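Shown here is one chain on its own, the form predicted on its own, set out as structure tokens.
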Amino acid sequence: MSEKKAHQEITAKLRAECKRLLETGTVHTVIGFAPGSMPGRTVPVFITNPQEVAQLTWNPFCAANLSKYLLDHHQPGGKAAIVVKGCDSRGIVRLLQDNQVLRDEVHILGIPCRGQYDHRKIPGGLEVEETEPLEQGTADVAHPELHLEKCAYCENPTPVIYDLLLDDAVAPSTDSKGRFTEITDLEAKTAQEKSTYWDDHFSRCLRCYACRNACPACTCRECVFDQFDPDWVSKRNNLTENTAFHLIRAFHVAGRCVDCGECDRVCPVQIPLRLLNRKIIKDLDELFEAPTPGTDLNVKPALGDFTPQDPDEFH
């Protein structure tokens, strides 16, 4: 079966299941993907009427992590259904572990993922649709060179938590050698080279906070960066304040970042923020043999728990 046909079948299953969930009152809202206004783009959609499920779609452009939207969809006695990929499902686990969302408030519709496109990699002038092969002027998922960087060594292409799986499970990548290659290369730089590298990126930061707003690990009701009294971090846009913002945020989500890559994907000036978070994930793996946060609901965050066997070289 072609990838396009597989996506059409998943979309049909998704629409039928969501219609059933809404008609029976099992859920009050469906959070999913709908076609965007531009070719090759999708947007989040919130459906409460069974007659509107035809808006739902599934294709290799459903890159957004929708889990953050659950924070705004609490309704006593009701549930919200949400469509998740494997990396998104780690965000769900994070929210559950932080008690930001209750398990009986969410109905998880899992879709195994074979990779999502980075629209910035689509060849110029290409009209991107999921109707014909790339060679005929449009893009199809059979082109891994167009995938987001995070898809190259995907640990969980199949969601780690779900109520219903809408397709056959996809095996994770067996090639783990390159998982932290970029981090290792960055670690090998001198202190001055690292400073120059990050100064170049942070100097371009707009302080739009898109990275924070999309992150499922950023769940504070009042963010420290929005406070005026006390004013912990200046609102001025300059290299010093921008650096403080990104480093503080990286430490705030340390041990809780699920490596969904949303910070990278939504950054309008393409700062490689995922490198900061993956550096911490790498260190936690080496120090505590900790899995990527959100992988297992029963495994507590490495920096939120301790055992007598933890290394204590800092004493």
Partner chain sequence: MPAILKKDNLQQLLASLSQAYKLVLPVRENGMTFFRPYQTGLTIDPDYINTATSPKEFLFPQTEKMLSFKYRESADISITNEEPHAEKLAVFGARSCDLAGIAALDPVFGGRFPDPQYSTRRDNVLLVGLGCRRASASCFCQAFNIDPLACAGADIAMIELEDCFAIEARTARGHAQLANFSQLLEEDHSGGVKTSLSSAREALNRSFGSLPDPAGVKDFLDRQFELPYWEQIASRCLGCGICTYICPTCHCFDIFDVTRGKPDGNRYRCWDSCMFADFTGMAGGHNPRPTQKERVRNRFMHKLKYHLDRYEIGGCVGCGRCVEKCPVNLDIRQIINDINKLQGVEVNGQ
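Computed from a predicted model, the values in this text were never measured in an experiment. Residue numbers count along the first chain shown, from 1.
The same protein also exists as the form predicted in complex with the partner chain; that form is not shown, yet it is the one meant from here on.
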query	finding
Candidate spot Met38, Asp231 and Arg236, all three touching the partner chain in the predicted complex (heavy atom, 4.5 Å)	yes
Listed residue that, although the partner chain is not shown, lies within 4.5 Å of it in the predicted complex (heavy atoms), from Lys150, His107, Arg179, His119	His119
Listed residue (Asp98, Glu241, Asp163, Glu187) with a non-hydrogen atom within 4.5 angstroms of the partner chain in the predicted complex	Glu241
Exercise: Glu155 in contact with the partner chain in the predicted complex, heavy atom 4.5 Å	no
Touches the partner chain in the predicted complex: Ser195 (any heavy atom, 4.5 Å)	no
Contact label in the predicted complex: His73 to the partner chain, heavy atom within 4.5 Å	yes
Close approach of Pro50 to the partner chain in the predicted complex, 4.5 Å, heavy atom	no
Which of 107-115, 155-163, 195-203, 89-97 sits within 4.5 Å of the partner chain in the predicted complex, heavy atom basis	195-203
Sequence-ordered residues of 257-286 touching the partner chain in the predicted complex, heavy atom within 4.5 Å	Arg265, Val266, Pro268, Val269, Gln270
